[in-house]
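Just the one chain here, the form predicted on its own, laid out as structure tokens.
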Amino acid sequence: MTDEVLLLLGCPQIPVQSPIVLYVANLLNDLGKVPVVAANPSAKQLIAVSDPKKHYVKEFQDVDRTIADLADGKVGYPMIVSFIHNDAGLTYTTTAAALAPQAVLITVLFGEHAYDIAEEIGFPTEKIVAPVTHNTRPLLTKIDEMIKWAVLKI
């Protein structure tokens, strides 16, 4: 089993996404896991600029290519952490959940419609939900607990 954990990012429209992704990547590194960020070019750029020496994230992939590779069976991850704040993020996560049913899936839902989007989820996942756009604090304790639990599970 691989030590890689997929971090699936959507559009970086909500400011809280980038710091939370780096926070999760740091936590995964501390737990002996390798975070792999799959993102669109804008989200990738924000994470890369925030971590120029690659202390937290060393590997980036295009989100569409990652979904295609999951579909083709070229890659597999024991754990996926998805960051969702809109329908596009939900679509990527729904697809990943269908293509990697063996993975422990954690969805981090944020933004002003976080609770509404969380109610739309019809696949097995652990949810971390807070309607935040700038303040990371409401997500941090939940993320700490869930990531540590999930890493022990894989």
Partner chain sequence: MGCLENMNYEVLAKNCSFKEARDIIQKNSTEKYEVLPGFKLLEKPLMGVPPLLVGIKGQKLVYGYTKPCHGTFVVAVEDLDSVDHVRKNGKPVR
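Numbering follows the first chain given and starts at 1. Since the model is a prediction, treat every value here as computed from it, not as a measurement.
The following text describes the form predicted together with its partner chain, which does not appear among the structures shown.
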Select from the listed residues 99, 129, 106, 57 the one whose heavy atoms reach within 4.5 Å of its partner chain in the predicted complex.
99
Tell me, which of 47, 117, 27, 63 has a heavy atom within 4.5 angstroms of its partner chain in the predicted complex?
63
Of the candidate stretches 48 to 56, 106 to 114, 28 to 36, 88 to 96, the one with residues having heavy atoms within 4.5 Å of its partner chain in the predicted complex is 88 to 96
When the contact criterion is heavy atoms within 4.5 Å, does residue 11 count as touching its partner chain in the predicted complex?
yes
Do any residues of 51 to 81 have a non-hydrogen atom within 4.5 angstroms of its partner chain in the predicted complex? If so, which ones, in sequence order?
63, 64, 67, 68, 71, 72
